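Okay, so here's just one chain, in structure tokens, the form predicted on its own.
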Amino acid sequence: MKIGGQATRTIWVEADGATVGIIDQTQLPHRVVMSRLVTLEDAARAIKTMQVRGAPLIGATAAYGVCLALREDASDENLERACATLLATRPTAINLKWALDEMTAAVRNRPRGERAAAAYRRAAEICDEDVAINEAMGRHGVRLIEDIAANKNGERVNILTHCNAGWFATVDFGTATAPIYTAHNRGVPLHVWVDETRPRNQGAALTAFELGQEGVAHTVIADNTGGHLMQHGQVDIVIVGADRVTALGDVCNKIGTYLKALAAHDNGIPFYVALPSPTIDFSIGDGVAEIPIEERAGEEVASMRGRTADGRIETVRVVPDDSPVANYAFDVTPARLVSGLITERGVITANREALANAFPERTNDATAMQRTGTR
């Protein structure tokens, strides 16, 4: 995807072949800042402070974090330390653990002298695989938009999305935005309603920015506007991303997703979730009971960051000083509210049978892990 007309990924290896470049997403949309990750601690900090965010990109960054750690010390002990450090950064997105498992498998049985090079190769593969998966989701999901466009006789298709499941959440192209960009590139008339997504405003800051860079028509709305738009026939389809999907099809995503699903269900509007297969956690079933929901610092809710009229970037407090604040980062949408899952292997039903049939190798891996107690 593009920034200022130049094709850019969200993560890359710098010219020195070792350090890792990222777009610092905490600076967007007002500043485009590229940062370097030099150490394991840099990678862990980037994930924890949300310089990088979105389940697929978190996984890719963790993979390169392992590379940076092994570049300094390729011992088994340091590999374990690196994985433990990275795993502790964000508890909800399953791609993080998946990527660490992939990196461990790629290097564990190699001589120490070969481990760093093998790690960089596997991390690069993880990034390329993510892009290929997202492009495949775009090809499958675009049919949903094209069908609506055909039924509307050329009128624009209105799509509601939540948070940022665009290319800033992945290595490139995005998950929920993949069908949108594919439709846009095919000339399908469309418009995207962009939830601001409090408290970190990923919709207003990131989704709106990237859609604008690609020339996609969009409008930023307050989080609670979606239901009103649905009631008045101004939403044709809802497409969101996911941080974890269970074996039963329950979807964990940014807080507020569940409310959008309820409103869509009440108004007979299709609600789709776009996800790459590494986001599926076949080891759990009931998302509400089993997925750990990250609780972040209350300051994210109590304050807002923005640009003043004279160009300064400032943070201001928006709640009383003595008011307690709760900040749940995710919620779970039950499978019964999901019209379908857009995956790299097609659009499938949100249930155990469909997921198992689409990804039998992942189901077998999860079963083996449960038998050996390595969940």
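Bear in mind that the values here come from a model prediction, so they are computed numbers and not experimental data. A residue's number is simply how far along the shown sequence it sits, counting from 1.
Note that the form predicted in complex with another copy of the chain isn't included here; everything after this is about it.
Contact between Arg198 and another copy of the chain in the predicted bound form is found at the 4.5 Å heavy atom cutoff.
Although the partner is absent here, Arg244 lies well away from another copy of the chain in the predicted bound form, with no heavy atom inside 4.5 Å. Residue contact check for Ile221: one or more of its heavy atoms lie within 4.5 Å of another copy of the chain in the predicted bound form. With a 4.5 Å cutoff on heavy atoms, Phe168 does not count as touching another copy of the chain in the predicted bound form; it lies far away. Proximity to another copy of the chain in the predicted bound form, defined as a heavy atom within 4.5 Å, holds among Arg312, Lys48, Arg31, Arg36 only for Arg312. Put simply, of Pro276, Gly249, Gly256, Gly138 only one has a heavy atom within 4.5 Å of another copy of the chain in the predicted bound form, and it is Gly256.
Highlighted residues Arg296, Gly346 and Asn357: none comes within 4.5 Å of another copy of the chain in the predicted bound form, counting any heavy atom. Note on the interface: of 104 to 112, 257 to 265, 118 to 126, 86 to 94, the segment with non-hydrogen atoms within 4.5 angstroms of another copy of the chain in the predicted bound form is 257 to 265. Contacts of stretch 1 to 17 with another copy of the chain in the predicted bound form, defined by any heavy atom lying within 4.5 Å, are made by none of its residues.
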